[in-house]
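Given as C-alpha cells, the chain that follows is alone and in the form predicted alone.
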C-alpha cells in the first residue's frame, strides 16, 4: 500500500465539520483511491470531539487529534508546527488543505519547512506514486493549469471549493484515533485582538445565495436581495463594488477578496461577472444571472439567464419563492 493521504482540518471548537471540511475528506478519499492508500485526517483545535467523530463516520481510516486550548485559533507558526507534526506522524506524502484564506499562508510555509512542493486552488488530480498530475485554478479561476509533481518531498495541496462530494456519514463507524504530538512553539507574531467568532449561519455554508451588484442602482434596493434570499431560505451576497459603496456589509461580499461560496443555487442580480467575483461563486451547482446587457460576462458562467432589469425581476422571483414555500 502507498503512503497515506493526509487531510488537515482545523475546525472551530464544539461543532462537527463544515461543508468544506467534509468535501475535503471526499477529495482525500478520491486521491487515496488512486493508489490504494489509506486516508488519515488530522483534526487540530479545541473541543474537537464532534469533528473527530464525524471524520471517522465519513470514512477516515485514522484520526490524529490535537485537542488543546492553544489550538482554539491556531495560526501562523503554531499552525505550521501542528501541520508539520501531522505530516511526520502520519507518514503522508500527499497533504490536502481546505481552500480558504488560511491555506494561502499555511500551504507554502508547510511545504518549505518539509522541503516539499505546494500548490493552491487544486480542482482535480490523477496518476499516483511518483507522478501525481494536478489541475489547479489560476488567474482567479479564469483558467486552469496542469502540473506534474514528481519530487520526493510532501505535496501540499490547497483545495478549491467544491472539488468533491462529501462522503456519506455512517453512524457508529469508528477509526483509529491517536493523539497528535505538537511541540511547544514560540510564536513570532503577537495577536493584539482576536477576531470575533462567527455567529449564526455562515454565507459559505448556505445552499442558496442571492447576490446583488451595481445593477441595483441604489443602496436602498439591496433590500430586494435580502427579501428574495429570505423567500428562498438562503442568504444575501454582494459584489465588491457595492460593498465598497457601502450598500452591503463586508461579510456578505462574494469574490476573490470576499467569501467563496458553493451553493446549490446562486442568483446574480445586476452583476457583470468580472473574474474576481466569479472566483467566489463559479463552483455553484446552478447559477442564474439577471442583467440588462445580453453580452455581460456573467452569461458565460450562468446555467440560466434573464436579460432584464433586475429591479423588475427580483420582486417577481420573491413572490414566486414565497408561494412555493407556502405550498401554493
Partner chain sequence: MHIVICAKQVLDPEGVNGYALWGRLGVDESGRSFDTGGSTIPHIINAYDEQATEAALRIRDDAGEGNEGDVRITAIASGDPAAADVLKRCVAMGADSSVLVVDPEVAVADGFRTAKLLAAAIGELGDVDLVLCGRQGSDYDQGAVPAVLAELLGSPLVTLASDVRIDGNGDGAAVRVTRALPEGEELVSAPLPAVVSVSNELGQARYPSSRGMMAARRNPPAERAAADLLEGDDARVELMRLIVPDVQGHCEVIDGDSPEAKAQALMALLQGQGMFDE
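Positions refer to the first chain, counted from 1. What we label the rigid core is the largest C-alpha set whose atoms superpose within 1.5 Å from one form to the other. Because the structure is a prediction, the values reported are computed rather than measured.
Separately, the form predicted in complex with its partner chain exists; it is not shown, and the next lines address it.
Answer with one of 179, 72, 146, 185: the residue that has a non-hydrogen atom within 4.5 Å of its partner chain in the model of the complex. None of the others qualify; the residue that does is 146.
Would you classify residue 34 as touching its partner chain in the model of the complex, given a 4.5 Å non-hydrogen atom cut-off? No, no contact at 4.5 Å.
Taking the shortest heavy atom distance, is residue 312 within 4.5 Å of its partner chain in the model of the complex? Residue 312 belongs to the contact set for its partner chain.
Considering non-hydrogen atoms and a 4.5 Å limit, does its partner chain approach residue 264 in the model of the complex? Judged by the heavy-atom cut-off of 4.5 Å, residue 264 is in contact with its partner chain in the model of the complex.
Is residue 259 close enough to touch its partner chain in the model of the complex, meaning at least one heavy atom pair within 4.5 Å? Yes, residue 259 sits close enough to its partner chain in the model of the complex that at least one of its heavy atoms falls within 4.5 Å.
Tell me which stretch of 23-31, 294-302, 39-47, 54-62 has a heavy atom within 4.5 angstroms of its partner chain in the model of the complex. Answer to the contact question: 294-302.
Residue by residue through 149-181, tell me which have a non-hydrogen atom within 4.5 angstroms of its partner chain in the model of the complex. The stretch 149-181, when checked against its partner chain in the model of the complex, contributes 149, 150, 151, 152 at the 4.5 Å heavy-atom cut-off.
Can we say the CA of residue 102 moves by at least 2 Å between this form and the one not shown when the core is superposed? After core superposition, the C-alpha of residue 102 moves less than 2 Å between this form and the one not shown.
I want to check residue 183: does it shift between this form and the one not shown by 2 Å or more at the Cα, with the core superposed? Residue 183 C-alpha, core-superposed: shift of less than 2 Å.
Rigid core superposed, CA of residue 22 - does it shift 2 Å or more between this form and the one not shown? No: residue 22 shifts by under 2 Å between this form and the one not shown.
With a change of at least 3 Å, which way does the C-alpha separation between residue 116 and residue 150 go in the model of the complex: closer or farther? Closer is correct, given that in the model of the complex the C-alpha spacing of residue 116 to residue 150 is reduced by at least 3 Å.
Change in CA distance between residue 150 and residue 76 in the model of the complex, which is 3 Å or more, as closer or farther: Nearer in the model of the complex, by 3 Å or more.
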